[in-house]
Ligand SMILES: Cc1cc2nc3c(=O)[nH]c(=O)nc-3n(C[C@H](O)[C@H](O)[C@H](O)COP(=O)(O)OP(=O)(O)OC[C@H]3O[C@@H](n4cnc5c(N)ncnc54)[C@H](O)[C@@H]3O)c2cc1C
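Only one chain is shown below, in structure tokens, and it's the form predicted on its own.
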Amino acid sequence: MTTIYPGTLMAASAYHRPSTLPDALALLRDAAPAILAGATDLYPARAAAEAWMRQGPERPILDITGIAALRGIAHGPEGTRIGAAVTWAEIRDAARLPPAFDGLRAAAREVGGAQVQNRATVLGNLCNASPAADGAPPLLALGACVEVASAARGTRTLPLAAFILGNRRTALAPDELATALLVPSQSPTARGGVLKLGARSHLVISIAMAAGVIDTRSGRVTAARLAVGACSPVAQRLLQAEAAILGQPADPEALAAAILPRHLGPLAPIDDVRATAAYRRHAALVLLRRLVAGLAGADTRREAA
């Protein structure tokens, strides 16, 4: 274990970069540090606090990027494991992700600019727990779970919907570290997608975001998972919308028409500087309809080929 006392911008009292997970968990138990992976949330938050003279008590920094066990994307019979240190750029450029991951890959191309994508981690995006987190809707559509670990209690796994509890709140205990995303095995014929609405096409926080994974066989929808972000404190799966298209003919126009305003009942959009609640709800409906039509059209073309 290495402890360094640097003169950093953050003026941290201590900086730790362990090379093993047990060492990291021991530090987390004993020192209550701030976790650093890509630092794309940690640095701006600290800089903003200092600029507005709201600096709280200094916390040591636990840098997890030196832990080999938290790196890499691994595929197995039960699914795909995405380590806590995996960046958005790694998802964007991964060669072996099946078509069901296309939505997550598309989100990776729109998370900030290239510099942010090269540093920011996928799991860090979820731990930050912003209502507009770009990773939440596509990972909900993939049925992802979050693996967490502590020195005292070992490892546990939580569905993503149970991991993010609200705005900037997760189910992590103070001594726990999120160590991986676990995505169950996906049908090789399933396709994923994501549509994001913002004030511009890139480098923007979502006004609304829709993601989905749809599988079709013999011209009918055999599986569907749909999620919307930036329209409630936590991104939401829309189970009624999924049920409305399940078993239906894979006709793009018919599937789009099957998504009704009442299917967006779980959403709770707000008025803010980016959009009104009414606009967000309408945008979410339009995005969902376009998404399912696009995914069904792609599957129809694939089956006809």
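These numbers were taken from a predicted model, which means no experiment stands behind them. Numbering starts at 1 and runs along the sequence shown.
Only in words, not in the display: the form predicted in complex with the ligand, which the text now covers.
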Segment assignment from 114-122, 183-191, 91-99, 151-159: heavy atom within 4.5 Å of the ligand in the predicted complex: 114-122
Any of the heavy atoms of I64 lying within 4.5 Å of the ligand in the predicted complex? yes
Hey, in the predicted complex, does L36 get a heavy atom within 4.5 angstroms of the ligand? yes
Would A74 count as a contact of the ligand in the predicted complex, using a 4.5 angstroms cut-off between non-hydrogen atoms? no
Since only the chain is shown here, I'm wondering whether D175 would be in contact with the ligand in the predicted complex (any heavy atom pair within 4.5 Å). no
In the predicted complex, the one of C127, V234, C145, I82 near the ligand [non-hydrogen atom within 4.5 angstroms]: C127
Which residue, L197, A171, A223, A132, has a heavy atom that falls within 4.5 Å of the ligand in the predicted complex? A132
Heavy atom contacts to the ligand in the predicted complex at 4.5 Å, residues of 137-169 in sequence order: none
